[in-house]
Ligand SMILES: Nc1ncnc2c1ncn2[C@@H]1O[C@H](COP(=O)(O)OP(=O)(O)OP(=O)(O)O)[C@@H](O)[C@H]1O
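Before any questions on binding or motion, here is one chain by itself as structure tokens, the form predicted on its own.
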């Protein structure tokens, strides 16, 4: 779940949002719609914390995790495709990285008792986050989005623009986030991948907020529409 209370945002004399109070609940896919320039993508950035509103607040229950479809296709060029997906769950990725560093110390014969104690803690956290299945689940997402297995260990820099978009979408979907924010997720997807994404969201049990110009996609996945108009958001049950 994620909600806003009295959120306002102005750029000079232009008012994008005025005292927006809205709640997005688990188990629903919300289509955020409105005219071009109304501020749909900006509102997602407020929800994610990338942009601070002038007034008001965004609330999400403690311990919940939010995932965002990233837009910078070059941000992970020096990383492997599979590891880029796993970074969608940043805490898990950090634990895996620290574990690998500690095991390298054991291989080099330089590990200390403190390293052993820390490794025990990390292994517990790793198991709690189902880390043993991480690579399998990441690969499953990539394959569903049309990234073939032979590219899973390639560098992101070696992929084409369309493939990078798919990897970043897999990253957002990875690890069952509590809140999922998707800005134009069907861009650069073929019909088969769009259908796969529709099925994925149909079975997703947490909160999804999506911005898309693809009306068919909105009809297929949404059960609420959040209409951004005149600096307010009005919620309507049903699809587009």
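These figures come from a predicted structure and were not determined experimentally. Numbering follows the first chain given and starts at 1.
The same protein has a further form, the form predicted together with the ligand, not shown here; the description that follows concerns it.
- Residues with any non-hydrogen atom within 4.5 angstroms of the ligand in the model of the complex fall in just one of 190 to 198, 63 to 71, 172 to 180, 30 to 38: 30 to 38.
- Contact with the ligand in the model of the complex, defined as a heavy atom within 4.5 Å, holds for exactly one of 16, 20, 226, 222, namely 16.
- Taking the partner from the other structure, the ligand in the model of the complex has a heavy atom within 4.5 Å of a heavy atom of residue 11.
- In the model of the complex, none of the heavy atoms of residue 48 sits within 4.5 Å of a heavy atom of the ligand.
- Contact between residue 206 and the ligand in the model of the complex is not found at the 4.5 Å heavy atom cutoff.
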